[in-house]
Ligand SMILES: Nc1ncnc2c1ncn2[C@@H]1O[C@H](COP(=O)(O)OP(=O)(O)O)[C@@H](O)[C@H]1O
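Just one chain follows, in the form predicted alone, and it is written as structure tokens.
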């Protein structure tokens, strides 16, 4: 199926997100789309997938103009999109999630549909138990489920928006093998990413967006420096933060045991020092998320103790963890971190503690303007959170964290960020460490873990390693530990 976009325009208030963009996707092709955060990549893809309406322009399939004013119309035309945040229902079963959207008639043919799912699963090498609940799946598994849903519903063009963010290296390899398999079957793939190495590994060609405009198209393979120059107008290098940790304990964990949906962890003794950065490594679903939520007071401990200074926080509600200066930034931005339908100003009002009976809107406006400037958020006071790009939503989440935090718990903090934004994010976090804040973060990016952590904990099959000094590890050794090799 040949698909084309012609002269697409889309604005959100003062922001011209897509400015006269035209492109063509051939059958059996994997097309990469690169661009800095806020360049308009996701907006353009949502227009193609029927999730947004263009202000002007056309969508063509096999040289015929089609109307895609809804996701249903796009899917009926063979176009499906896997979003950055999976569009599923965690409290429902896998089968019910897949069955949603089926054309209903006089008789509900669930048995026939179940057979269709089984056949598609078999062809893809998936092994979902259709009676399991979606909320029990890892982020990587939820992405696989979304691809399964699109194929079951007949997608010929599949759009993937930052699909490798938050999944393990093994899951990424499986995903790439799957995408290559789909192109051999004649499916078309649009691969939106900020990771240049992935474009070179997977795509035949890529286009580059900058500030809402298409600024270039190149054949793959292509040198990273050329792509970076097109994306940012300058050359960039990754920074490496210096160690500012002290020997003063900030958080004390004694014989800590937590319960995940799939296992019970081993007891962990750990002191987290002032200014220290601890990285959590492991495959998706190995316990990193539950560990972070336990340290944030969002999950109850099974055994052991969590202390912050003189405060024993064991068994207390998350409110008391906030009072102690412990804050959590989740990976699922719009599910747990931000509120759909609320503006940036309203988000900062929510995070501001005040003893006043009435809201101080003048102060809120001043604070919002300062945060937008300080955190380089591409939006306005009255912009809704869901209107921001994924990278700018991440900046908003970071801006909402208290400046006087003692411990920040971050789940994939650079998820969906481009190179420049990743550098910027870690510079901001390192400034907090210099002021005495400790950081514990989970990431699927081995280079990020090795570059920014002082110590690393490895999670595997419900087990937590003793802390490794970062200088003890390289990517090969860390990858082996994540895969279960070299455990004592």
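Remember, it's a predicted structure, so these values are computed and weren't measured experimentally. Residue numbers count along the first chain shown, from 1. For clarity, a rigid core is taken as the largest C-alpha set superposing within 1.5 Å between two forms.
This next part talks about the form predicted in complex with this ligand, which is not shown.
Among 37, 437, 443, 453, the residue placing a heavy atom within 4.5 Å of this ligand in the predicted bound form is 37. Residue 25 falls outside the set of residues with a heavy atom inside 4.5 Å of this ligand in the predicted bound form. Shown alone here, residue 12 lies within 4.5 Å of this ligand in the predicted bound form, counting heavy atoms only. Using a 4.5 angstroms limit between non-hydrogen atoms, residue 43 touches this ligand in the predicted bound form. Shown alone, this chain has one stretch from 455-463, 64-72, 29-37, 428-436 that lies within 4.5 Å of this ligand in the predicted bound form by heavy atoms: 29-37. Residue 438 is not among the residues whose C-alpha shifts by 2 Å or more between this form and the one not shown once the rigid core is aligned; its shift stays under 2 Å.
After superposing the rigid core, the Cα of residue 21 is displaced by 2 Å or more between this form and the one not shown. Comparing the forms between this form and the one not shown on their rigid core, the Cα displacement of residue 193 reaches 2 Å or more. In the predicted bound form, the Cα-Cα separation between residue 208 and residue 332 grows by 3 Å or more relative to the displayed conformation.
Between residue 194 and residue 474, the Cα spacing is smaller in the predicted bound form than in the shown form, differing by no less than 3 Å.
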